[in-house]
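What follows is a single chain, given as structure tokens, in the form predicted alone.
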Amino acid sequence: MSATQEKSVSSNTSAGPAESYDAIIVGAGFGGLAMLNRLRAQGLSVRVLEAGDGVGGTWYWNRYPGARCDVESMEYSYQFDESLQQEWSWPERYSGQAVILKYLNHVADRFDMRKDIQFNTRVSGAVFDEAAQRWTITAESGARMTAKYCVMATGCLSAPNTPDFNGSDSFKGDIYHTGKWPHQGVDFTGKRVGIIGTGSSAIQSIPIIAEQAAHLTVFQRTPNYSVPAANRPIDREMEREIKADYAGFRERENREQIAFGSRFQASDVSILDLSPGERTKVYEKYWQIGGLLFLYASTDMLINKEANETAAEFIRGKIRSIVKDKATAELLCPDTVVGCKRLCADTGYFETYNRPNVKLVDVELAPIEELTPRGLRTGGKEYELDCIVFATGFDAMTGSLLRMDIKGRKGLSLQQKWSEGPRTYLGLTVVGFPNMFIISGPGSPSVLTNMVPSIEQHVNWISDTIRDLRERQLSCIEPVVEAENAWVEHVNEVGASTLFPTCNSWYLGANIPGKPRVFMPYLGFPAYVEKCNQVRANGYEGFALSKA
């Protein structure tokens, strides 16, 4: 995007009379762009408010070295326009951040979306006016807008979590967070670098940083399971076959998808029904295929602890065979359930610890004490560093919403409503907050799915709902308490029937001090889609609809 384009859509940042729209969308990532496209097609006046100076959401902010999607490219794309599907060509099996961002910029330009997006506008609050039955949205600049409908497309992983260490302001070197990486990039050549964390962003970035840095020290609290991504250039023959019948591919994808919401070739047997030798062959097959498909090497991987442990031991065996230093290998071996934290897919992660310029430091037993002017202190030892990278993840699922001051009926704040954990109906709506919709909210499949089709399902449901309201001359839609309570109970029951809640993951908010421990996503995308369709077919079962 040119400087001229940026200026043209970054105006209206000072306080003044509130502008009026049919709908305001917060966020210009995959969800915000798809929502804008659908609502504009219905003839609504729509404004998208975006904190950054460009589109992309997660893929705009997360520019750290090695940032890459863990869903195959041919599935990680919009399906709302056939010509878009035909004209775009992905270079790799798993697309990197820059390519995905290029795709989203192409979409924004292809459908002339920028004219309806206001960049450099971070929303600070949203208040529902019961008398006017409209939302007033306020930006940090003081600018105000009103709308009948408010759609939160703020993303599940968009509120970076930066631990508050003692001495954080004292360090004289450079500090970076993987979730808000400098757009111009960072050159670590000749630098002594410390990276805190060994989650997905760390596992992707560590091999690349290690190649540049004079020395890299990895500070690990909890080891993570990771499998090879097995990334490679797109098979062009496969691409041609898919594009010859992309609609059929999507239909089969939707019909065949398992809980994750992707076209995985899942096993149809329990690993426990196989001999030890047969198990090894199965796991080796999935290891070589690469990617998140490894979780589906057994029908009961995520519900049976005994079956899961066989996978865990296989991965630990791989780590021990790859990492030459035995002590380091053992530190890298997790003792938790495979998949209770999102499984990572890497390119040369464990091999990186064989480099002479890489050191692993365990901070589980000896937590980080403080940042010092020269580096970082843990276990009574100071590590001198030139740069520190926080790969400490996000306040997931709820963080981006709760950092805004959102008030519904009778001044009820979302912070109050969710003080003991998020409560939604279908992950889409909240009692007390009429005409406010959440894309990929807590209580929806969201982060346990292939996000793009999951997002589009939400976008389609929300836009269909708004169209129905307008056609029936209804003013507000809001879930009833009984439906919300039943849905929260159902989400909890489904989660508890699996191994997902068995470890301290960001799925439960365990990475954020003081955050209520609640398993936030809903497991089972196909069943969820059926439920949403049923609710609408039954006249918005579980909702209260009101006239003006």
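The numbering used is simple: start at 1 and walk along the sequence shown. Quick caveat: nothing in here was measured; it's all calculated off a predicted structure.
Below, we turn to the form predicted in complex with a small molecule, even though it does not appear here.
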>> Using a 4.5 Å heavy atom cut-off, which residue among N120, T378, T146, T222 comes into contact with the small molecule in the predicted complex?
In response: T222
> Ok, S95, N450, T398, S201: which has a heavy atom sitting within 4.5 Å of the small molecule in the predicted complex?
Replying inline: S201
> Which single stretch, out of 463-471, 166-174, 339-347, 129-137, brings residue heavy atoms within 4.5 Å of the small molecule in the predicted complex?
Replying inline: 339-347
> Is V363 close enough to touch the small molecule in the predicted complex, meaning at least one heavy atom pair within 4.5 Å?
Replying inline: yes
> Is there any non-hydrogen atom of W506 lying within 4.5 Å of the small molecule in the predicted complex?
Replying inline: yes
> Can A391 be called a contact residue for the small molecule in the predicted complex at 4.5 Å between heavy atoms?
Replying inline: yes
> Is there a heavy atom of N161 lying 4.5 Å or less from a heavy atom of the small molecule in the predicted complex?
Replying inline: yes
